[in-house]
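Taking the form predicted alone, here's one chain by itself in structure tokens.
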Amino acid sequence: MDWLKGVKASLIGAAAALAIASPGVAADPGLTDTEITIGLFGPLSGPLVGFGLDPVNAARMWYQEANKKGGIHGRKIKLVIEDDKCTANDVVTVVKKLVTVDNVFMLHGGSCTAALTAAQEYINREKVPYSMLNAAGDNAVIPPLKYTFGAFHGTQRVYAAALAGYAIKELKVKRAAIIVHDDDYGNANLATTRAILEAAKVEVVAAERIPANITDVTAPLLKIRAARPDVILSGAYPAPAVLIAQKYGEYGMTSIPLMQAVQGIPTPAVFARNVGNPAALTNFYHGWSFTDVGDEAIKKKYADIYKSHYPDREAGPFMITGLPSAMAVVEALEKAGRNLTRESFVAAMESLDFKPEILAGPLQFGKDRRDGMRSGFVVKYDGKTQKMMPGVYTWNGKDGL
């Protein structure tokens, strides 16, 4: 009967091996005993390539670093990388291709909120876990959707709260002017800014709404100047933000601090060059969520890692924005354990609570929360040098909702 014992032992061993391998192989696409396939995408060409190329490279770099350490519970991360050009049609096409053709386990991508929201219905209907890359628009994560995780460096509400909080605490303002766009982005920024200012008894003496494609900000800036504010809080996109700073300098308003949400100044040196007037930046501040501005050691550490992966390319200032979401994905994959499924990954993301050294505050999600970062810094920028201002300002998750 020894042969029968041998057969039984073999069967038990085979069953045990199958039990380990089967959850990933049988249950979900993109998962084998040795690999986790992730669909990574962003604008790798077109006019908005600056928002995506370095962040995509940074995320890829972080996954490669995880693989160098042995992968995630014995599985290596395999990437399928696509160019979404930051347009809605391309995002939808890329997402559907990654899900139906490449059979990825999860999606990681998107630098432009307006474009990626076009794919969210499909993503959540198909129950594919999705981590936004560096897009951070409020309407992609508020209200929360089960399979979407994002805002890894703060929504408009977060940056609005940081600027308003600093203006109240450090600048001691009593009268404020706000200028934002007449869209969902502007609505979120305006509502949060107004709520925080009014709670602190700061009078909002002007609230100007401008189109995203505005080419002349003369009228709104004249109205703001006439209102005599102690501070100007801007939530403008890059091109209008330049126009506002130019007109602000031209009208001799530089005794009034001009505070710009980070969405309008993705690359400070380019912003200063486009403004073209150093005097306009003598009292200029902007929001930020990363510690690289105030900590040269951290800045150098990640720039060096980037250089080791891409020796022929210098890391741009937007590179670091691609790291937090990749760090969160790796952390959640580790937390989900060897018996990984899409649902266990979603559960791991929901319970995530950790602080990467590159961020102002922790990344935290929950069953009713899909915006990961709620803390921000304020940076003073004179067109040449960036200086981190004291304090970390955290949005409470309520003001402006």
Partner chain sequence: MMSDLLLQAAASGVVTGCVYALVALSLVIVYKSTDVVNFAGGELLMLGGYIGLLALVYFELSYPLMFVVVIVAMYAVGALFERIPLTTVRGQRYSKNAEADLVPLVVATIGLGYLLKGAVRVVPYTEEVRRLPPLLEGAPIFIGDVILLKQDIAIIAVTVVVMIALTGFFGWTRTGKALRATSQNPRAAALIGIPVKSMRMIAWGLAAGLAGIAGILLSPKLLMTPDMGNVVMLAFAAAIIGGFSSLVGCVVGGIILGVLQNFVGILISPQAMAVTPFVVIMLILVLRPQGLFGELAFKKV
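Positions refer to the first chain, counted from 1. Note that the structure is a prediction, hence the values are computed from the model and not measured.
The same protein also has a form predicted together with the partner chain, omitted here; what follows describes it.
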Every residue of Lys169, Arg175 and Arg194 near the partner chain in the model of the complex, heavy atom within 4.5 Å: no
Partner-proximal stretch of 211 to 219, 117 to 125, 139 to 147, 161 to 169 relative to the partner chain in the model of the complex, 4.5 angstroms, heavy atom: 211 to 219
4.5 angstroms heavy atom contact with the partner chain in the model of the complex for Lys223: yes
The partner chain contact at Val242 in the model of the complex, heavy atom, 4.5 Å: yes
Contact of Tyr310 with the partner chain in the model of the complex (heavy atom, 4.5 Å): no
Residue contact check: Glu250 to the partner chain in the model of the complex, 4.5 Å heavy atom: yes
Contact assignment for the partner chain in the model of the complex, among Asn89, Asn103, Thr282, Asn274, heavy atom within 4.5 Å: Asn274
Of Met61, Leu352, Val346, Val49, the one that lies within 4.5 Å of the partner chain in the model of the complex (heavy atoms): Val49
Those residues of 73 to 99 which, in the model of the complex, come within 4.5 Å of the partner chain by heavy atom: none
